[in-house]
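Read the single chain below, which is given as structure tokens and is the form predicted on its own.
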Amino acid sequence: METFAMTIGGQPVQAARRFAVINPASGKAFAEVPAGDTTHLEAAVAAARAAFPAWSRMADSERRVLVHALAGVLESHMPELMLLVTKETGKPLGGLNGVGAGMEVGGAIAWTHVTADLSLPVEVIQDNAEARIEVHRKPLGVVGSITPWNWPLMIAIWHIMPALRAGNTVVLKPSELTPAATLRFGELAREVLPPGVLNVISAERDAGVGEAMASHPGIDKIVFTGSTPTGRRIMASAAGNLKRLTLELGGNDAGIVLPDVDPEEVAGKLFGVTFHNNGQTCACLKRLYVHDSLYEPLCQELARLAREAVVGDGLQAETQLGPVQNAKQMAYVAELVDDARARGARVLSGGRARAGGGYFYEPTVLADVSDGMRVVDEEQFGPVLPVIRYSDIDEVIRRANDNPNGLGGSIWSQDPGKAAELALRLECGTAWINEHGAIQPDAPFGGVKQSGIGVEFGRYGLEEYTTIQTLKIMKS
């Protein structure tokens, strides 16, 4: 049984109790981690506040070097971290189209290097005989990070690195379902960072640590990736000291296939952007609208790909899709599929859990579904694709937008110019043409409507970890 420690004030910290981390491929525990509580949170916040003055005043060039050094630590421990990610999430080491634990750790390394090289120079508004006016970006203080179970290490890096780069200190709580790789990164980061700059605590869901972070007066900002209902609760709790917020919440991304597309040519790409990581990605394609003229052939091709996908333990080299991460999520996926089946949907592939150990649900393609069915209106967050028929482009844009979520969307066409015009009509934070879900560390990413507040990545994301101070220097 693997064991890990929390990191508080630069020291390894255990707790009176430990809890198990389950490998979803087997349904059995592979690790134990400390069951932290609010006393550990208080210690972590105190350590972060004590470390903030020196860290925030450190020369910008020195912080850049240390953030690059964190990328080096990730890189030198990449095989170990990949194994932990696969064991706790179920995602394959390689995965469908290379989207797996290797991408997660490799992406974490790339994001860290790119973020290290970002800067926020002083902006000069006025400089004349009367006065000079400068706009400075200053760190906020202590950033609280709460991360989800689907991409635990990479999303932790998305939160940690811009916070550190901007001069903040961090208290991070990973999901109780997937704390291992993040705790291990916290252990490794002690080799690089001054004590208290990064603190990582693990806790069970009912310990109240996440709720306490959201309301804690010693935390100046919360960055959270997860469900919209939880995001609402965090936002309400954060009002006590007017915390800054970055919330990347639920997505129910629509893709629209125009009639000029070749079904056989586009099916493989559509399948990949829907089913990688078993559909357990916020910006996966989750609702596919297909024109009448292509509907049946595209449905059949997608179903064929689903039937041929290699599903299994992520530690096996040939595996493309692993298990659903946890039993509760698999039950929810099954509930949505059963509801669609009862309402007349055609199950072209999958539609059931696999017998045996682990949380395996067969890749499922549903035809003859419509808006108003739960599997269309709700975010499945699993290996399920509802394919919805349409005939009029204006109508389908309206239908795609008729959802409380607004994270991403895509248009698929042989005419990129026309597709771009349509994509700009989608109510979402990011729109793709002949692609879906592709993100990069120098381009902003975030949602609209109930998919979140604020953006991550690049200069725009870095600014979210700062406050503005205007400096006016009179010359006469």
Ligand code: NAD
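In case it trips you up, residue 1 is the first one in the sequence shown, and so on. Worth saying up front: this structure is predicted, and the values here are computed from it rather than measured.
Beyond what is shown, the protein has a form predicted in complex with the ligand; the following relates to that form.
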If the cut-off is 4.5 angstroms on heavy atoms, which of these, Val375, Met103, Leu164, Ile234, is the one near the ligand in the model of the complex? Ile234
Could you check which residue among Val290, Val223, Ile155, Ile201 gets a heavy atom within 4.5 Å of the ligand in the model of the complex? Ile155
Pick the stretch from 203 to 211, 120 to 128, 187 to 195, 94 to 102 whose residues have a heavy atom within 4.5 Å of the ligand in the model of the complex. 203 to 211
Check for me whether the ligand, as it appears in the model of the complex, comes within 4.5 angstroms of all of Trp111, Thr169 and Thr466 - heavy atoms only. no
Taking 4.5 angstroms as the cut-off for heavy atoms, does Asn403 touch the ligand in the model of the complex? no
In the model of the complex, is there a heavy atom of the ligand that lies within 4.5 Å of any heavy atom of Glu88, even though the partner is absent here? no
Answer with yes or no whether Glu176 is in contact with the ligand in the model of the complex, where contact means some heavy atom within 4.5 Å. yes
Cys282: touches the ligand in the model of the complex, heavy atom cutoff 4.5 angstroms: yes
Just give me the residues of 148 to 171, first to last, that have a heavy atom within 4.5 Å of the ligand in the model of the complex. Pro148, Trp149, Asn150, Ile155
